[in-house]
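Just the one chain here, laid out as structure tokens, in the form predicted alone.
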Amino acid sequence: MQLKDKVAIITGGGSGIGIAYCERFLAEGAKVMIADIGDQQGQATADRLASKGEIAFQHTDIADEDSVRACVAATIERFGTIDILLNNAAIYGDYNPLDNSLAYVKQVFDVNVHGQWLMAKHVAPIMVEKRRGRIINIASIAGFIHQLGAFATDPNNFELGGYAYQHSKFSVIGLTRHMAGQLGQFGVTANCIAPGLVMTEATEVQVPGDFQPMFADMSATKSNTQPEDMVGPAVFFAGDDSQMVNGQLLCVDGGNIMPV
């Protein structure tokens, strides 16, 4: 029960890795607010996990500040406070790597980067007042892999790719350090997890089955990451044992990216 009676907002908690986060946080004693743009999946997950602990759902578009405010207010009304923010929501399963328009790049950044900032912006004052809080941002090792953006090969008809997903996830790392630098003095930490290829329904859309073994071979463990592999690091960052860990990046990918 490492998170006993702590209140956590988990964005994107209605599907994929988000469900695994919700299950484990409940098992560790936390009270969970699912913040998800998908009403059906968010409510269904809350209903399914209701027997495991205190959990609720709030429709939330993290790219919309009014929606973020409403989520924070609903969490306070339901649970009384906020101790943990797990910024998991992102454009991923529905990401279109072939859309190289400026408008689409902005849309991806509005969710993957600015959405995490907005959630933290409205949660941080509550944590600062209490002099205790944990913010966990989810990036991706995709931000380190330049080959994922190398689609243009014709020098006579070249267009620089948007690289929106990869670039946005690398930006999350910088955002985390920005948060950590400002909030650490108040007992609030911000850390970042960069997953490898996690085997979810969204991954099945983005990475065809024939390519999945290739990603596994790139890791030292020769395996791809499962959703349950992600939850232990998140619990650590959310708990008391990590009080002196701040502004750090942890790659959870079986030993693919090994930053020093």
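The shown structure was predicted, so the numbers you read here are calculated from the model rather than taken from an experiment. Residue indices: 1-based, along the sequence shown.
Missing here is the form predicted together with a small molecule; even so, the following discussion is about that form.
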Subject >> Ser223: touches the small molecule in the predicted bound form, heavy atom cutoff 4.5 angstroms >> reply: no
Subject >> Leu86, heavy atom within 4.5 angstroms of the small molecule in the predicted bound form >> reply: no
**OP:** Answer for Ser219 alone: is it within 4.5 Å of the small molecule in the predicted bound form, judged on heavy atom distances?
**Re:** no
Original post:
Does any heavy atom of Leu26 come within 4.5 Å of a heavy atom of the small molecule in the predicted bound form?
Top reply: no
Subject >> Contact residue in the predicted bound form, chosen from Ile55, Ile62, Ala234, Cys192 - any heavy atom within 4.5 Å of the small molecule >> reply: Ile62
Original post:
From the list Val123, Met179, Ala164, Ile138, which entry has a heavy atom within 4.5 Å of the small molecule in the predicted bound form?
Top reply: Ile138
Original post:
When the small molecule is placed as it is in the predicted bound form, which of 184-192, 126-134, 72-80, 92-100 ends up with heavy atoms within 4.5 Å of it?
Top reply: 92-100
